[in-house]
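In the form predicted on its own, a lone chain appears below as structure tokens.
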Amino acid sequence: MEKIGFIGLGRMGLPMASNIIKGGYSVFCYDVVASQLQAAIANGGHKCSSIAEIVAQSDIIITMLPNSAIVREVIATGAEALLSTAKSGQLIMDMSTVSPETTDFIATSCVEKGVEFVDAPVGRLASHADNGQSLFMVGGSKDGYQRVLPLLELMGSDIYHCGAQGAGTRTKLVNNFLAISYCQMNAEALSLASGFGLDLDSTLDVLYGTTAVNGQLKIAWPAKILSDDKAPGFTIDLAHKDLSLVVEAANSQRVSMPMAAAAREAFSLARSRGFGGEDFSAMLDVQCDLNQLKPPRLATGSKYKPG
């Protein structure tokens, strides 16, 4: 059984690493936040005090990091980067949401070191990561994909090999454009319904019965903002970051995406008004706040209220 290194034990990374540990693997863990590292150790992980120690102990190294700059630094460009001590035959799998340019740069850097590279960004929320029900969009060779598949199956329930290196990252941007933009459209629609004085359940009856329905409105929102739960599964700040990646990547390909640009500006406005740390479904409250409307909520006993 291969030994696994895991770098980045945040809200998503910690449960993912823990699920690999539960699968019987030896997992060597590293994070700059001491409390997160300690939590991984408490779950059965092995503590490492440096990136170099991760490399020395591991056959497959997984990174789950906040942004493109940190991914570049940790894997390729930093003074203690993974590739500065990596050995031929090792595999690096990055599960972060980053720009396509970053993924391509990392993939090329790995080739130069004789290291296999797989990009496998994550779909769904932190609660899904807790339960091993994440969705993965994977880019890499067939051999690389097969090598990481047992690990992905411990962390997720839906795994898609999207193509060669970089295909996972690009698919993630397509997916997140829709998932995040739906939040803004839903927010505008339900704030309009509030302005009209419409009953929320009756409005949802209609929306759920037509092509206006979407996964955010039907699956996520009743459990989150419509039940007054704004605890972040995926924050407005992170959604803004991802929309920025979408717009920048589209610009680099000369692909016009006016809806993505408009959605990003709506999330920029939400951040400027102090909503950045809330769940991205709270765009409904942003929209209602802007228009001085009462945010709609499911009543006790509503057929749409979970539980």
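Residues carry their position along the shown sequence, with the first being 1. The structure presented is a predicted model; accordingly, all values stated were derived computationally and were not measured.
Although it is not shown, the form predicted in complex with a small molecule is what the next lines describe.
Partner-contacting position among 177, 117, 234, 221 - heavy atom within 4.5 Å of the small molecule in the predicted bound form
Of the listed residues, the single hit is 234.
Exactly one residue in 190, 155, 122, 148 has a non-hydrogen atom within 4.5 Å of the small molecule in the predicted bound form; which is it?
By the 4.5 Å heavy-atom cutoff, the listed residue in contact is 122.
Even though the small molecule is not shown here, does it sit in the predicted bound form so that 9, 31 and 70 each have a heavy atom within 4.5 Å?
Result yes, every residue of the spot touches the small molecule.
The small molecule contact in the predicted bound form: residue 93, any heavy atom under 4.5 Å
It does not: once the small molecule is placed as it appears in the predicted bound form, residue 93 has no heavy atom within 4.5 Å of it.
Is residue 66 close enough to the small molecule in the predicted bound form to count, meaning some heavy atom within 4.5 Å?
Judged by the heavy-atom cut-off of 4.5 Å, residue 66 is in contact with the small molecule in the predicted bound form.
Interface membership of residue 126, the small molecule in the predicted bound form, 4.5 Å heavy atom rule
Residue 126 belongs to the contact set for the small molecule.
4.5 Å heavy atom contact, residue 97 and the small molecule in the predicted bound form
It does: once the small molecule is placed as it appears in the predicted bound form, residue 97 has a heavy atom within 4.5 Å of it.
Going by heavy atoms within 4.5 Å, which of 39-47, 241-249, 53-61, 270-278 lines up against the small molecule in the predicted bound form?
That would be stretch 241-249.
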